[in-house]
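Taking the form predicted on its own, here's one chain by itself in structure tokens.
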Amino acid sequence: MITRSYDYVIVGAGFAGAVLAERLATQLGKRSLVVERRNHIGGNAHDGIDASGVLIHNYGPHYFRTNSDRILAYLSQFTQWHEVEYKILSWTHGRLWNFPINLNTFEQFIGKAATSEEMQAALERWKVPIQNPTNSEEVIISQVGWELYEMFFRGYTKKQWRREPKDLDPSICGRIPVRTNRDDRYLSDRFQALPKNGYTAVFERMLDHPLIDVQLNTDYRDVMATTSCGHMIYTGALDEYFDCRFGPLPYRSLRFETETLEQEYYQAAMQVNYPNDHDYTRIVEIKHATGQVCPRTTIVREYPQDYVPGSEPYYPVLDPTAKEMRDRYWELAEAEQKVSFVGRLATFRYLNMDQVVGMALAEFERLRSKLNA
């Protein structure tokens, strides 16, 4: 029996769901029910103060960045920013290296001072001539050659994805820049910052509206028997929506091991990669990026693991077989007239936070146009 009615039911309280709920409420006066399976809002961007008073990112580091003035202006309605240049290091061959690869890394590698022109000339000698790389291995060796690929990329990628880079989409390793100058930032985007009071505060402001109801600890299927809506916005896993009828799409999950230390900092950068040593891929000390002043610090060791039902699907594994299966599911998704599929999981794509926000804003405009048609 139907006991309540909404204009929209939104599955998931991460960026995609929160943006759409906020836009539909404030711009169109539409009432939404946001249904979230976890016990908190914010999806994987959820953060909070741990027992020692340190602000941590609960599901791995979320380094916000964007080149979009539109997306920045939208999010700035809900937060002030703590601007930061994200910098990381890589531990291999018994020492720390500058990473991503840049002129500083090159000087470490050859053991002497060098110029950008000398680095460029060396890379021209080392790289494998591949005009159109078709996988992640080819992307890297076509830029820096085999030795630097083995030092920094192959081991990390194998741990992260449990696949050889040659079996993964070019976009996986292609996200990491290679520079011949001294720019040692992890990312190249024009705007790089974290919300001044954390991500969770952003979501709280976005969802604080009388036309938005939020229901936590709930599977959306459990509420649909008693809830009517004109349209559903689905941000969960694409294959789960269709009961995995073509088989489960492959994801990678993560396990986090936290340790609090009675010292101001543990390591020299917010993130240190371990491409070839240890079972974890990286140690994150997000305090370097948040700017929090605190006598203690909390570090997080990140262990990739297989995704199994009940664990969190963090990363879609973009290999050829998975992409073919995704396309079959997407044909079904496009045939759904009263359901929008938005976000990383719902589209089985490896998207940054600003890209998800942009996708959600675009979907809002599509829904608005549909209402006005």
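Since we're looking at a predicted model, the values are computed, not measured. Sequential numbering from 1, following the sequence displayed.
What comes next is about the form predicted together with uridine-5'-diphosphate, which does not appear here.
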Candidate from F106, F153, W97, Y251 lying within 4.5 Å of uridine-5'-diphosphate in the model of the complex - any heavy atom: F153
Answer option from N273, N135, N102, Q143, heavy atom within 4.5 Å of uridine-5'-diphosphate in the model of the complex: N273
Contact test, all of F78, N197 and M206, partner uridine-5'-diphosphate in the model of the complex, heavy atom 4.5 Å: no
Location of uridine-5'-diphosphate contact in the model of the complex, chosen stretch of 109 to 117, 126 to 134, 291 to 299, 156 to 164 [non-hydrogen atom, 4.5 Å]: 156 to 164
Heavy atom of K287 within 4.5 Å of uridine-5'-diphosphate in the model of the complex: no
In the model of the complex, R255 touching uridine-5'-diphosphate (heavy atom, 4.5 Å): no
Touches uridine-5'-diphosphate in the model of the complex: H278 (any heavy atom, 4.5 Å): no
Distance check, C173 to uridine-5'-diphosphate in the model of the complex, heavy atom within 4.5 Å: yes
Interface residues of 342 to 364 toward uridine-5'-diphosphate, as seen in the model of the complex [heavy atoms, 4.5 Å]: Y350
